[in-house]
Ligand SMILES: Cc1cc2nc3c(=O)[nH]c(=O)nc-3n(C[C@H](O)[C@H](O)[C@H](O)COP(=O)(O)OP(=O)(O)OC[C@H]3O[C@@H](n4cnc5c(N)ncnc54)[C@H](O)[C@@H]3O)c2cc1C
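Okay, so here's just one chain, in structure tokens, the form predicted alone.
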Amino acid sequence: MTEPIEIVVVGAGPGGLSAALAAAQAGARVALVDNNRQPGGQYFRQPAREFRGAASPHQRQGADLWQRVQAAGVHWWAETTAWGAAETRVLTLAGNHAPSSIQPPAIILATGTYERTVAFPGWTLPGVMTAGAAQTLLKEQHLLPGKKILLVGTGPLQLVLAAELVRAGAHVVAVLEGAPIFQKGAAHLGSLWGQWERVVEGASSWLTLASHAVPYRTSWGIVAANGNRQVAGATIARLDAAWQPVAGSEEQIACDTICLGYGFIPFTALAQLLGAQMTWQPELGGDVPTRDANLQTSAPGVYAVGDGAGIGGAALAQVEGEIAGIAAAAQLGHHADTAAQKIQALLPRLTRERQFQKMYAALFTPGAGLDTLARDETILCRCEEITQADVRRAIALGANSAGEVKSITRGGMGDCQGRMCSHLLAHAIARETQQTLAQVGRVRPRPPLFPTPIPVLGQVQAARAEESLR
């Protein structure tokens, strides 16, 4: 009889892979869950198996880490979605390689993020996509997202993606960085000490853009995407300190593709369903779970690591994964006598990466002006086609919280379950009612968190009914 799984790690990105490896090497029986068919997450995303060719440095790093995870005996549940959870530390899963539900002694959440969208006139036109979508097309499918590409947003990902697109043969018409990084960056140079891989990657990307004469503008952003059935261009403008377009600075730029990269929002739905206490920390991306020194949340036996617990990048996710994997295994009796010493040895890396995290937040957290781009007819919730005017009408009827607006408009009830729109709706409510985002509140996630086959839902319901009869 196979021994039961002791630790389930949800998410096979840098944090999840590192957590699974550390826990398995400590002697725990570990299962790794991810809804992709290959491990790696966005950062280590591997080419599709159908493609062969040279791998990028990040892809090689991810492949090496995955080989170590396999060698440690971790169970791999690929193409498996964790679509629900309960405070009794139960995960409900949908996939051919995993049980429909599992209640392990420990869970490590490495759920990552989803990209922050910005609503502006034309943002739903074909040809507008997130930077992550463009990167997935390029890394996994070896496809260019368009012919004349404009990158708009903030953060080093935009610079790196632009260089990757140029090297792949794309025509990048410009990169617009919303932050005034040249004015603010000097104060944070010390945080780059020890981040040599990032420095080299950034310098290489910069040189690539310069050698191809790609304009790189700071304190610039998008006002509108232009076109009828497809993006034909964009209206751009200089941004003030609040990231609001400066009147009179507007320009027109021709393009057929717009890649938006305005940062990330931690995916915390599973943590909330598992009973973890949340705190509002905008510098980390929004709502994040509270954690102790070993990265355990307020829910016993539930750990959270990586960007899903606060935006910090792949290197931070990896060291957090190692700490959580060691701590979770020790909690179950595996090498508990040496766990504290091993975690202590990781603290210098953790400190260095958290310093970088603070620098990143100080430089690249978008300003409130982004939320003024939408017009009454601009769609905020794409699944349910809820416009800004619909939100205003709900507020006129007396709604003043995220939950109340959701009940009236159905905003956030579509396939994405609010991942694309919940922050847009919350910011609109806060602006219209003159409340803080904390006062507007969050909409509690409800399973299924992702589209789930009806037979899977039936299996879980039947199992619960059987359990209630015992």
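Just so we're clear, the structure is a prediction, and the values are computed from it rather than from any experiment. Start at 1 with the first residue shown and count on from there.
As for the form predicted together with the ligand, it is not shown, yet the points below apply to it.
- Per the 4.5 Å heavy atom criterion, the ligand in the model of the complex is contacted by stretch 75 to 83, the sole one of 75 to 83, 167 to 175, 221 to 229, 371 to 379.
- When the ligand is considered in the model of the complex, residue 122 lies well away from it, no heavy atom lying within 4.5 Å.
- In the model of the complex, no heavy atom of residue 23 sits within 4.5 Å of the ligand.
- At the 4.5 Å threshold, heavy atoms of residue 384 stay clear of the ligand in the model of the complex, well away from it.
- Contact check for residue 107: no non-hydrogen atom falls within 4.5 Å of the ligand in the model of the complex.
- The single contact residue among 285, 289, 112, 153, judged by any heavy atom lying within 4.5 Å of the ligand in the model of the complex, is 112.
- The contact with the ligand in the model of the complex, taken as any heavy atom within 4.5 Å, belongs to 35 out of 35, 61, 46, 417.
- Taken together, the three residues 11, 264 and 313 all lie with some non-hydrogen atom within 4.5 angstroms of the ligand in the model of the complex.
- In the model of the complex, the residues of 141 to 173 lying within 4.5 Å of the ligand by at least one heavy atom are, in order, 157, 160.
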